[in-house]
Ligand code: MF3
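Next up: just one chain, as structure tokens, the form predicted on its own.
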């Protein structure tokens, strides 16, 4: 069931979203060659809990860490550990922050040091596809208009769209109704209403759209062709005439 948030609920989500943004800023300072991904996880856990919030991913359906760190061909759900970041890595950080029972979800992708123009364009255009989708959001618009805008932009720039993984509603749970696919037909899906909160998150691949589960950890999703992937996400509030990003500043 799709929920419409009250003013009180929106205020709680705004605080969770602000801390979410600040956690990303702290992590950003430490993404460099030689840093272990578990260190980034510790930064997130310490910062989130210091600000009276909870790392919503920790323990969610058994997930063992506070954030996801996905590198190169890892699309999402990479588990932080002893792995060290290297020069040239493409690093996606996905994190959720909860405050008094309300959650926000966002993701960013970074290039560590030098990379090819092709990889730079992948990351740049994945972020731009997010904003193409967001630009369609307002009360009365169909979800499919958002999905189609993301997909059209991705395909115009030679990128494939992961279809097995989608955006979603967010609020008292990390994943709520409705699904927000990154592909679809204009005019399809449910109608957005003022007060809905959704996480829009394009995951775009340099090669094929096909993905699979990494053997061994039951979490990490990778591209089947081992080519690079990128991921950006914001939690937004649907307003009468547009949207408000809750995981911005």
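Source: prediction; values computed, not measured. Residue numbers count along the first chain shown, from 1.
Below, we refer to the form predicted together with the named molecule, which is not included among the displayed structures.
**Student:** Consider residue 45 of the chain shown here, and say whether it contacts the named molecule in the model of the complex, taking contact as heavy atoms within 4.5 Å.
**Tutor:** So residue 45 does not count as contacting the named molecule.
**Student:** Is residue 94 near the named molecule? Define near as a heavy atom within 4.5 Å, in the model of the complex.
**Tutor:** Taking the distances in the model of the complex, the answer for residue 94 is yes, it comes within 4.5 Å of the named molecule.
**Student:** Taking heavy atoms and a 4.5 Å cut-off, does residue 68 contact the named molecule in the model of the complex?
**Tutor:** Looking in the model of the complex, residue contacts with the named molecule include residue 68, since a heavy atom lies within 4.5 Å.
**Student:** Is there a non-hydrogen atom of residue 39 within 4.5 angstroms of a non-hydrogen atom of the named molecule in the model of the complex?
**Tutor:** It does not: once the named molecule is placed as it appears in the model of the complex, residue 39 has no heavy atom within 4.5 Å of it.
**Student:** Identify which of 77, 142, 128, 136 has a heavy atom within 4.5 Å of the named molecule in the model of the complex; exactly one of them does.
**Tutor:** Filtering the options by heavy-atom distance leaves 77.
**Student:** Considering the named molecule in the model of the complex, which of 182, 57, 197, 223 comes within 4.5 Å of it through any heavy atom?
**Tutor:** Selected option: 57.
**Student:** If you check in the model of the complex, do 63, 168 and 233 all have a non-hydrogen atom within 4.5 Å of the named molecule?
**Tutor:** Yes: 63, 168 and 233 each sit within 4.5 Å of the named molecule in the model of the complex.
**Student:** Which one, 83-91, 118-126, 168-176, 151-159, holds residues whose non-hydrogen atoms are within 4.5 Å of the named molecule in the model of the complex?
**Tutor:** In the other structure, the partner sits against 168-176.
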